[in-house]
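A lone chain, given as structure tokens: the form predicted alone.
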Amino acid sequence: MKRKIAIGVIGLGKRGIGLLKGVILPREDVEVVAVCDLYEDRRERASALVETATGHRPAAVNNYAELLMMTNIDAVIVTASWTEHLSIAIAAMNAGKYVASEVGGAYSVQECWQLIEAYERTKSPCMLMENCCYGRDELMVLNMVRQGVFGEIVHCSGGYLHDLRNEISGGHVNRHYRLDQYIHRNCENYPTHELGPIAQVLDINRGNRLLSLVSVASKAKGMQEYVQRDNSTNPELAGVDFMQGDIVTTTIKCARGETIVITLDTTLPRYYSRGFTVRGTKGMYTEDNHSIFIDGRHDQDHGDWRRQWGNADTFREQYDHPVWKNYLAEGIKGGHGGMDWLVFNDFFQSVRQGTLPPIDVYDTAAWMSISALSEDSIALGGQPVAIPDFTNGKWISRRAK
């Protein structure tokens, strides 16, 4: 095993720079040997950060194909815009590199199949860096599910519930990808934050699979009103008709019979939440009031059910996931409350050991495909759409770790 993992970072916008500063450069087992972005100022900023932290200046290129040709690179981190995630990941696998791809949604089912075919041809692993799978509450609930605390799981829900109007409207000024998505597409465009933790709870691709979905979208008025009221950042948007519905609701049916509801809600005023909820025959968890209800234990409070709001922390001592128990003892690091550090820790461990990552290429394809499939369903007036089995039947025998 190598002492240090040599990596290249492709995409140096807000996310790429944030990961460099908060997660990658603080590690002693990783060496950044190359960075890549279309924009010179971003390449210069990243190179300077690496040089300041390590004393060594990385190679800086504007074409990721050039980076992928570097034989001294073990793995690449893809933090470019949504439009390029899968194409860069496929090129990196073809170049024999381990791939860590940031999240987003696919544009077509075909590109998801191309990702699967690239892996099965090259055997170069690809991990979707879905940090929400590493949230403390998400992992505690997963631990409780696996211990049978909630009984048989029947239904889960979640959402990307995040007021992004300011970020979206400043897209062209900030060179951010979201604006064009909201002008031209109408779909569940960011499915993996909510779906990732639910997929783990429901053993998706490991004894269960996503079978079909129905998506509906509300009218698109939130961004239109916002840019008309506050058009100082990007005044030309005042006359733009946005395609993206303000609320997109997607209902998914699973092979074992469970249902999932995920909601995209990013263009109306609201508080932040991922709405993570798990319902079973013996109890439930819900994120929005941070509560757990156990059958036979909390029934007496039906008349005053608010007494149980916020009680999830009382379950920590018994059910906190071992990953978080160790993490708290060592000290929380990195961004997004520590989730970024944990997801990258698993990726780098896989690279070092030459093993498959915990969120693999089949998960990547299944979760990201929801965007393209929801777009089809919405365009068809909410018609059911089949979700492909990207494992080609292997979900039946694959098992969760």
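Remember, it's a predicted structure, so these values are computed and weren't measured experimentally. Residue indices: 1-based, along the sequence shown.
The same protein also has a form predicted in complex with a further copy of the same chain, omitted here; what follows describes it.
Annotated contact segment (heavy atom within 4.5 Å of a further copy of the same chain in the model of the complex): 212 to 220, selected among 91 to 99, 105 to 113, 212 to 220, 78 to 86.
None of the heavy atoms of Lys325 is located within 4.5 Å of a further copy of the same chain in the model of the complex. Interface residue remark: Val240 is not counted as part of the site for a further copy of the same chain in the model of the complex, having no heavy atom within 4.5 Å.
In the model of the complex, at least one heavy atom of Arg229 sits within 4.5 Å of a heavy atom of a further copy of the same chain. With a 4.5 Å cutoff on heavy atoms, His176 does not count as touching a further copy of the same chain in the model of the complex; it lies far away. Among Gln308, Thr122, Asn143, Asn234, the residue placing a heavy atom within 4.5 Å of a further copy of the same chain in the model of the complex is Gln308. Checked against a further copy of the same chain in the model of the complex, the residues Glu130, Asp203, Glu287, Asp74 give one hit for a heavy atom within 4.5 Å, which is Glu287.
Contact residues in stretch 363 to 383 (any heavy atom within 4.5 Å of a further copy of the same chain, taken in the model of the complex) are Gly381, Gly382, Gln383.
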